[in-house]
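Okay, so here's just one chain, in structure tokens, the form predicted on its own.
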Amino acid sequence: MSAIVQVRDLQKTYDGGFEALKRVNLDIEEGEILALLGPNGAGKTTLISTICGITTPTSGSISVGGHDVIDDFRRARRLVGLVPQEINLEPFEFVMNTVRFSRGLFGKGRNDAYLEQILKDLSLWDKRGGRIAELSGGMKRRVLIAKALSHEPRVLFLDEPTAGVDVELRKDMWQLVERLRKDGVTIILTTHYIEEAEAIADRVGVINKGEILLIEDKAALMSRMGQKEMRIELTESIETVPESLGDYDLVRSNDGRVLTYAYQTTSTRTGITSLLKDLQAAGIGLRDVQTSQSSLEDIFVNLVKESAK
């Protein structure tokens, strides 16, 4: 795959000296789904707005499909669809007119069959003749998505698209994302629902304080930085962890009936075999043993904590 979005040494400094973006470098591959994660104020929305040409960078360069977003703004912008966090729609306009007008803004000819399919995909078809003001908040967000797709973009930015919306919209949204992926559309997603990123993203980027901490294949990231936990349920409660087990850094539950052992998934030796032998030697009986893999959310939280030090 080739990079359809290229960001080089991007900086954004606001009046007063606040650096929202600090020399960001980023390649987004054509046809991939990239999840961009970061805490509030990390720079996610600023980065997206700058790539889309809404915010002017202080320095650096951005190209979309080979078109510079400043020198060749119109061609670059035609390739991009944006679903913003804020709902900003004309309340007295009709749904179909709103979506059709957005398509026309990008110089696209009329294609009612295409718009009909979008509205049906987003469960908006029966609302096409209604006014925006008559819609619920969730339906208005669906209209934002339809507007962003109206001109058939090749790159789609979804800035917290399912924040505060109903489960049905979230389900419709991810079904649509999967269809767009099959059509070769590149999708960049920011979300607070990290389980969504874990479910659909090809790569994951983490941004904090205006800096990209990493961009990595999701599976490779979880393998490299993830850890497993073994939960050991005991036959009898213990008051303290025996000194003979001190090297394992076991965590004892409040009631003394469970011990938790953490180990790296990439280690050649997990230490599990020796731990089980040492537990037996210490006279500790086991009722049950379970293992669990750390999630993308665990990795994200640890990365952000490290960057804050």
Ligand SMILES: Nc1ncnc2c1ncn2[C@@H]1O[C@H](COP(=O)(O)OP(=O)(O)O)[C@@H](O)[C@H]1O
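Given the structure is predicted, the values throughout are model-derived calculations rather than measurements. Heads up: residue numbers just count along the shown sequence, starting at 1.
Here the subject shifts to the form predicted in complex with this ligand, a form of this protein not shown in this document.
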Based on heavy atom distances of 4.5 Å or less, which listed stretch (63-71, 248-256, 274-282, 45-53) is in contact with this ligand in the predicted bound form? 45-53
May I ask you to state whether G31 is within 4.5 Å of this ligand in the predicted bound form, using heavy atom distances? no
I'd like to know if P242 sits close to this ligand in the predicted bound form, meaning any non-hydrogen atom pair within 4.5 angstroms. no
Is T162 close enough to this ligand in the predicted bound form to count, meaning some heavy atom within 4.5 Å? no
Contact with this ligand in the predicted bound form for V24, defined as at least one heavy atom pair within 4.5 Å: yes or no? no
Counting only non-hydrogen atoms and a 4.5 Å threshold, tell me whether N88, S102 and W125 all contact this ligand in the predicted bound form. no
Using a 4.5 Å heavy atom cutoff, which residues in 62-84 contact this ligand in the predicted bound form? It's fine if the answer is none. none
